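Quick setup: one chain, the form predicted on its own, written in structure tokens, and binding and motion questions come after.
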């Protein structure tokens, strides 16, 4: 899918209650990591429930270019034949990641720790995103940056060392991507590499490394134990394994909030990952008065999952602490939509990381709210959205800035505003939720327009 094609606008309009059940796509974070660790393992890795969105397919293509055998066995079912640590080959062409920030940064960690040379590039959106925070620790580990765009952006070329240098590194921001890139580079480092986080971020890399056979120790760190020290013993032999990818909580967030704000709705969302480092949105919505029932908790792919029954609810404004941000960093756009229907102000604190996502999400959310008559304020890195418990006016046209989560969030808004809401382009929704339109329409949502791949 090209993001340089003609925009494909979509319009969401208020209508009947949403009812039924769905299973969201496989978790994007785990899908990326399954492809990558499959590449770095000896033997075969079989993956069930892979998210087959553009971002993950770009990571799969990069793994193939680095030497992995890749075979699609059916919908969401993939076989990866790995080359092991140290067994990768130089890719013949530039690794084009499209709009995939996670995939590009994690593969930078892989290349940065291995004796290979690779060039990274992406679309116009990815070329704006900062990579210096990834490159700095990799350079300390022995990676050479042979060429880069201004400010450490793609396109850039990395040459990894014969062996990476083990380091102790404190991340400058609460970012699972930084942590993961360092840990992936450390797989080819003798000794122990330790990453220190002041605020704990999603731990899928640590969990999956253990699943494939690596030795990873995690201990509390810092005042109050909010941070973590993650220590990886380098040069393990990773073994291919079976991975069942649970449903993505970040994708589940859109039908979940839609069910809360469309009157009379009753929706069940199946198989959603309940990792406590990913459930900040659910915690916040429960505080706001949301009726969300957890059913049939179970284990899938090394993660706890559950079915969520969600019913339309009267919401109230709350204060969302900054330390919760790592557990819901991708969900703030849709939380802002929920807050627009709540009674009173909802203050979301410490959103600086939103400024360096696929778009400046803080600015994009604010503009979308303004276009639809919703009261908001930005104070530093805090966003305050004030509702009166009634449906906002709506009627706006929202600029998505090639950001899938902005597009989906404001389409959900339009399902419950007084007037329909249009987003300027829905093509990039396929990066994380390819079935979003048929899924929402299957629940009864009125969304006009089509997206052609």
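The shown structure was predicted, so the numbers you read here are calculated from the model rather than taken from an experiment. Positions refer to the first chain, counted from 1.
The same protein has a further form, the form predicted together with a small molecule, not shown here; the description that follows concerns it.
In summary, among the residues 145, 329, 308, 200, the only one with a non-hydrogen atom within 4.5 Å of the small molecule in the predicted complex is 329. Proximity to the small molecule in the predicted complex, defined as a heavy atom within 4.5 Å, singles out one entry of 231, 135, 176, 238, which is 176. Using a 4.5 angstroms threshold between heavy atoms, residue 29 counts as touching the small molecule in the predicted complex. Although the partner is absent here, residue 125 sits far enough away that none of its heavy atoms falls within 4.5 Å of the small molecule in the predicted complex.
Although the partner is absent here, residue 33 sits close enough that one of its heavy atoms falls within 4.5 Å of the small molecule in the predicted complex. Heavy atoms of residue 102 reach within 4.5 Å of the small molecule in the predicted complex, making it an interface residue.
Considering the small molecule in the predicted complex, the lone stretch of 115 to 123, 214 to 222, 329 to 337, 163 to 171 in range is 329 to 337 [heavy atom distance within 4.5 Å].
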